[in-house]
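What follows is a single chain, given as C-alpha cells, in the form predicted on its own.
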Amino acid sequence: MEIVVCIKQVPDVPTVRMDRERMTIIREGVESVINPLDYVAMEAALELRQKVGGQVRVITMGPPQSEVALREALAVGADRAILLTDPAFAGADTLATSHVLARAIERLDPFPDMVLCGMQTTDSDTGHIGPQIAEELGLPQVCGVNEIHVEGKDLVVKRLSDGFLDTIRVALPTLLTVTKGLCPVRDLPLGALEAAFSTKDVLRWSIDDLDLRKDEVGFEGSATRVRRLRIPLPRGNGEVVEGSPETLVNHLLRRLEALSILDEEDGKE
C-alpha cells in the first residue's frame, strides 16, 4: 500500500509572532514542532505499512527550516520525504496550501492508495487542509477517524460523531484525517534521528517543479484576508443562583431584560 502523510511544522505556542502588515504568522526563525495530530497520522501510516506492506512518503509545505520536521519523520520510519518550499508559497491560507499539496501528490509515482492528515493543526485549527486536498484530487474522504482496517481494496474506518460511533466503508484511493485516539506515538530513538540527518535525503520541489503560477499560491493565491487582530475581552465572573425553578426562571428573565435581550413584554409571555 502506498501511503502519503501530509505533515505541518507549527510554531511552538510561546514563540508565535505575527506579521501585522500581512496578518500572517511569522515562521522564519521561530521554534517549531511537528503538529501533534500529524504525528498520529505518521504512526498510523507506519502501522499500516507493517501490516500490509508498501511505503510511506511524508510531505510538507513550508520554509527551508521545515526540512527538520521531515528528517524527524524519516527517523521515525518514513521511506521518503518531500519538502515543498519556495518564497512564493509564503503567506498561504488553507486553500492555497492544499492546492500546492494536491499538485505535489498528483506528481507522485505511484499515486498513493491513501493520504493521511491530522484532523487539525494547533496554529490555525481550521480542519480545512485534508478535505480541500481530497476535493482537489477527487478522492473520497472521511474526517476524524480513530480506527482503520484494511479489507481488500476497501477501508473500514470508525469515528466518533456527535456522540455516535460511525462505521464507514470507503474505497481506495482515499483521504483520511485522524484524531488523537487512533494510535499512540512511539518514542524517537536518538540514533535514528542522527542517521536521518546524516544519511537520508529530502527531496525539494519549488513552484517551477510543480508547474504552478504565482497567482495560485502563497499570499497572492489565498482567498482569505485577515483584516484585524485583537485580544478577546476578559470574561466576567459567573453568577450562581439558587432557588425553585420558578425563582430561577424569573431571575433569568430579569437579567435578560437588563441586558436588553428581552423587553418587559416578552418576559410576561
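Throughout, we count residues from 1 along the sequence that is shown. Remember, it's a predicted structure, so these values are computed and weren't measured experimentally.
Note that the form predicted together with a small molecule isn't included here; everything after this is about it.
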query	finding
Region of this chain that lies against the small molecule in the predicted complex, out of 195-203, 135-143, 113-121, 156-164 [heavy atom, 4.5 Å]	113-121
Contact label in the predicted complex: residue 224 to the small molecule, heavy atom within 4.5 Å	yes
Exercise: residue 91 in contact with the small molecule in the predicted complex, heavy atom 4.5 Å	yes
In the predicted complex, residue 81 touching the small molecule (heavy atom, 4.5 Å)	no
Heavy atom of residue 181 within 4.5 Å of the small molecule in the predicted complex	no
The small molecule: the contacting residue among 61, 45, 217, 69 in the predicted complex [heavy atom, 4.5 Å]	61
Listed residue that, although the small molecule is not shown, lies within 4.5 Å of it in the predicted complex (heavy atoms), from 187, 106, 151, 125	125
Contact at 2, 56 and 174 by the small molecule in the predicted complex, all three, heavy atom at most 4.5 Å	no
